[in-house]
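What follows is one chain in structure tokens, specifically the form predicted alone.
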């Protein structure tokens, strides 16, 4: 089954390109402490050295004289950590809410879905900024805020999958032999409902990266941590003279989000039973 999945995934060349880009970003994040062992936010030279003018600073320096290459490498660690943890938080909340709403039904379904609709009526970025302003500007708080905001699509998808599976023959057979509801949910329904949820979770990682970049751009990110969005925010006042300060992290964000979306499409092609042929 694993080999069949890999074979179907490998058919999508765009997904392979996306996977390659993600591996490059991950490699940069892993190698960051070895390539740039010192604090990436320290001043290392004169301000606004353009890229490729000196081998010591291949991507140049920002308005304060900090090495952009060091910020990009260490910022990749921050970006992926927030993206993965926020996606995990959103998936746990969404799967729990969606599973309970669909399996229990009745007033529980109504209450949980109304709560989900309430979350969807609030603009995401405003909700995140409010949470971060209340809890504080730390990586953990940003991760929690993004996870809280992005769980609703996963909950709705999980609910739809559970509704289509809870009346299947294998579920009815489990009920007939006296299997508990918890075992039915965890062992029977959830494994069959996970493939589309996994695909959506991979796309939530991309959304989390964009939200984190927006928060840092607006000045509410962790000031002690290198961030791609923070670098764009620092360089926006020099966009007409030293545009590369915004362009370099902007391209990094664009390629990373594009790669995650390409991989998500590849997972959809590989896991969707209708596309196996």
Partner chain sequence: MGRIVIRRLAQVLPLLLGVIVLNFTLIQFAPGTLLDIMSADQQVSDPVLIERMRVLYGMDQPAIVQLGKYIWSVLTLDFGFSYRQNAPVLDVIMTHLPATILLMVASISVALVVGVTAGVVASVKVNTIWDNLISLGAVFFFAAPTFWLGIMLTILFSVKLGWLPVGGMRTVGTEPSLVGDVLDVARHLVLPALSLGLFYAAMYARIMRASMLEVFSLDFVRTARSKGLSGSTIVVRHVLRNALLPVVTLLGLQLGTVVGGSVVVEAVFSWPGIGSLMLDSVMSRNYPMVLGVLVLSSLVVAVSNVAVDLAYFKLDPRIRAR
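Numbering follows the first chain given and starts at 1. None of these values were measured; they are calculated from a predicted model.
Although not depicted, the form predicted in complex with its partner chain is the subject of the following passage.
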item	value
The single option of 120, 179, 172, 164 touching its partner chain in the predicted complex, heavy atom within 4.5 Å	120
Contact label in the predicted complex: residue 10 to its partner chain, heavy atom within 4.5 Å	no
Exercise: residue 64 in contact with its partner chain in the predicted complex, heavy atom 4.5 Å	no
Residue 214: touches its partner chain in the predicted complex, heavy atom cutoff 4.5 angstroms	yes
Its partner chain contact in the predicted complex: residue 21, any heavy atom under 4.5 Å	no
Which of 120 to 128, 181 to 189, 98 to 106, 84 to 92 lines the interface with its partner chain in the predicted complex (heavy atom within 4.5 Å)	120 to 128
Site check 27, 31 and 39: each within 4.5 Å of its partner chain in the predicted complex by heavy atom	no
Stretch 208 to 226: residues contacting its partner chain in the predicted complex, 4.5 Å heavy atom cut-off	210, 213, 214, 217, 218, 219, 220
